[in-house]
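Each of two forms of one protein chain follows alone as structure tokens, named structure 1 and structure 2.
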Structure 1
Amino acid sequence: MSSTLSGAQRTAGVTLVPGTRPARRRPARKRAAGLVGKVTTWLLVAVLVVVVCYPLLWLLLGSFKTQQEFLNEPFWSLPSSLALGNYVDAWTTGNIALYLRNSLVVVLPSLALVIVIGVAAGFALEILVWKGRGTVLLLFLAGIMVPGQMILLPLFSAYFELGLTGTLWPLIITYTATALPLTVFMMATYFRAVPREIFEAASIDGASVLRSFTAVGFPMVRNAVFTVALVQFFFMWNDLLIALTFTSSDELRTVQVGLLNFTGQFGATQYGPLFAAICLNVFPLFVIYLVLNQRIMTGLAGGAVKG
């Protein structure tokens, strides 16, 4: 507020100087109001940027601080060095390396699987002609809103009976299945935008359905497939509920579950290693975001139905 006022005063001062820009026909009051508006805007944007960035900056700086610096120095102090000791602690003692590996081992195959079968299903539901496809599409749609809690208990029993408990298979299977509804829904939407005539022309030219899927349909929605894969990557990577339910031992933990139990590894809170561990979880995603932000934004907005 005070700086908007001073902004107004400053313009008032400028307009009092005789002979300034007589060519401008806008009255002085309007020009002053314009400047107040500008200052308010920049103030608003500055506050916004600080609110979003400062916690992340605090996190990054904290990951280099020693325990002593955390306890004795004020929060705005900079770390005395950029030593990577905390990262080494988090990586080894804190097991973050293992957790990251588990996350990758789970997410990558699930992602590949859900894309292959999800895109095929989207194609079959939108381009191909068969009885009951409307019903099947609705069936998939219904899956988007079902909360994970509804399927956890039966799956828990089933995986136990099948002897899969104690492996990463329950996570891979569950991620693949829970990602299917949104993938199918989004792919069906993208295929809807492709003119049907293209596929009809392909079949006149003698292409079989499978061939028009692999040679025409899939390449045409390649960009969309990539976007959907990105969206699902974030949903799987950031999941806590499913990972928490099916990781029965420390060796199986994904990075989110590992982080949740991180303080337990050290006894009392060791701030440096904890901050380093959070950074190891956040900043790889930051790099991906840096490169692909526009695509991620449109993709996630397209998947908003998931809530």
Structure 2
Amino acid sequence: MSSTLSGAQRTAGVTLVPGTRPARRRPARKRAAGLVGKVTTWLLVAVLVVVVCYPLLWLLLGSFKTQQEFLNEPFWSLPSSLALGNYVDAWTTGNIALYLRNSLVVVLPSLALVIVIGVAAGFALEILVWKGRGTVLLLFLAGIMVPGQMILLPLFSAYFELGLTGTLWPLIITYTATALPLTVFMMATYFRAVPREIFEAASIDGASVLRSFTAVGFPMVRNAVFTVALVQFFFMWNDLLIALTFTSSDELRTVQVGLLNFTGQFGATQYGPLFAAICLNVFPLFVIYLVLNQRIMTGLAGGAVKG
């Protein structure tokens, strides 16, 4: 019987180890279904890449076109040259440098105030024990539900009475006030995930409340701080409504308001310098997002592994 089985195995061209079964081949139908699924997935990924990347490529190529190419050539046509004249016009004649400076002057102090006050408030509302902290947290949550459009007119009247119109202070104050409710709520949520025993041990070792916040609490939620700072930075930088309401002169315009009023001589829109100005606004932010996003994800993964 053994010799017969061995002969049959050799005849079939298959060598089997005694006590084992031949490996089953995957049916052709299942292999075809798997191949179709992979091809469909790659096609969807390719479509998404085109949808995301093509507008950026079109914007970049459009920044090198002349006014005549915009008016007379199809929108998908390539620029005749890669001259930087549009960028020079946007930086000098278009005052994009002034608008970028105003945005930095407004956004950076506002973001610093939001992070410092928001993180401290989240620590106080979630870690410290005091009467009425639940009510205060509900008030911050109520602030999230208030539409920003409702408070613009009262704020404008208040700033006018205080003599702040004609400066950048209304933007700094408004950005800080509108960003604080969400920041406080998010930071309180992150502090809730930190074990309270860590702060109790710090208190036993003689650390004050300020020491516990700066040396224990803040380092443990620094990844959350990066996340909140990134979200609020893009919100403030890309704002148009608030900046359009409280800026009354060209010297006070932020970059978004400046792009809205980006026109050439006699009020005609100069598309080449306009596209160049948009590139100067979009691509640095895109790079900042990529760098900080990778840093945040790496920090979160590292913290999860260390436990």
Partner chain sequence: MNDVLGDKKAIAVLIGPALLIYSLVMLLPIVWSLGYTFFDGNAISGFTFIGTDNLARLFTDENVRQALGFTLKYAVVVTIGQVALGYGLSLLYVFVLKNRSGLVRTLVFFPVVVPTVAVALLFQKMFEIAPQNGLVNSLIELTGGQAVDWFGGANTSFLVLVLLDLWRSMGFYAVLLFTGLLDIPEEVLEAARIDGATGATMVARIVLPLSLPVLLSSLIFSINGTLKVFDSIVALTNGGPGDATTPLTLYMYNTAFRFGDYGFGSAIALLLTLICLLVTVFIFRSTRRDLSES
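All residue numbers here refer to structure 1's sequence, counted from 1. Keep in mind that this is a model prediction, so the values were computed, not measured. Think of the rigid core as the biggest set of C-alphas that the two forms share within 1.5 Å after superposition.
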property: Assignment: the form predicted in complex with the partner chain; result: 1
property: Did F160 shift 2 Å or more between structure 1 and structure 2, C-alpha, core superposed; result: no
property: Exceeds or equals 2 Å, Cα of S203 between structure 1 and structure 2, core fit; result: no
property: Post core alignment: E73 C-alpha displaced by 2 Å or more between structure 1 and structure 2; result: yes
property: Per-residue Cα shift, T41, between structure 1 and structure 2 [Å; core superposed]; result: 3.3
